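Have a look below at one chain only, the form predicted on its own, in structure tokens format.
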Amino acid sequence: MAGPTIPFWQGHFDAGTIPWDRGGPGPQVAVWLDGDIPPGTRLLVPGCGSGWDVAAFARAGMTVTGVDYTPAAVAAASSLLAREGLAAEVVLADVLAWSPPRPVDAIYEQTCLCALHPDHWTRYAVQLQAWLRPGGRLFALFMQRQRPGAREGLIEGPPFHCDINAMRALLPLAAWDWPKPPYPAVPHHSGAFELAVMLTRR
């Protein structure tokens, strides 16, 4: 498998070196919960990590499933939910192979795409479309972190840079409704930023 492996991520959790972890839900969660995602929405959080976003959506009344293939991440997310007395499902699975029992209403994509090596993006895009019902929404935060090696064609990460033109090719208009730009830039504590885009599955 190209890119980061389960031992790579497990090692970071075991060592406590998880610099991508905000210690709470991403700031865009509150923005989208304010009118865009109604209570009762069946929502997936792929690459859920420590579960902060899963907990935030569960607290707001969503039916939430978090998915991660790192045992330490699933354990951390499950522990967080138990401490807060929240009901949500956390699944240990590879997002490139797993599917929910039936299509869901919404997906919150904040850390999974940029953590996957670009060799796997096409497969992941197929999964996103299959997971969502027609008319369902993809709430995406596209990581903007271009590295110096990009000038020589190097693929560096994680996180991998999610160029917006590449995202439009990956998630084309034939399958997704895109809102008109410009898109809100959400600061990331790493010094990078993310573009917040809400897509609708055709």
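These figures come from a predicted structure and were not determined experimentally. Numbering starts at 1 and follows the sequence shown.
Keep in mind that the form predicted together with a small molecule is missing from the display, and what follows is about it.
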{"property": "In the predicted bound form, segment of 57 to 65, 163 to 171, 148 to 156, 42 to 50 with a heavy atom within 4.5 Å of the small molecule", "result": "42 to 50"}
{"property": "Contact label in the predicted bound form: Y69 to the small molecule, heavy atom within 4.5 Å", "result": "yes"}
{"property": "Non-hydrogen atom contact Y183 with the small molecule in the predicted bound form at 4.5 angstroms", "result": "no"}
{"property": "Partner contact for A93 in the predicted bound form: the small molecule, 4.5 angstroms, heavy atom", "result": "yes"}
{"property": "In the predicted bound form, L132 touching the small molecule (heavy atom, 4.5 Å)", "result": "no"}
{"property": "Contact residue in the predicted bound form, from A125, A115, L81, V104 (heavy atom within 4.5 Å of the small molecule)", "result": "A115"}
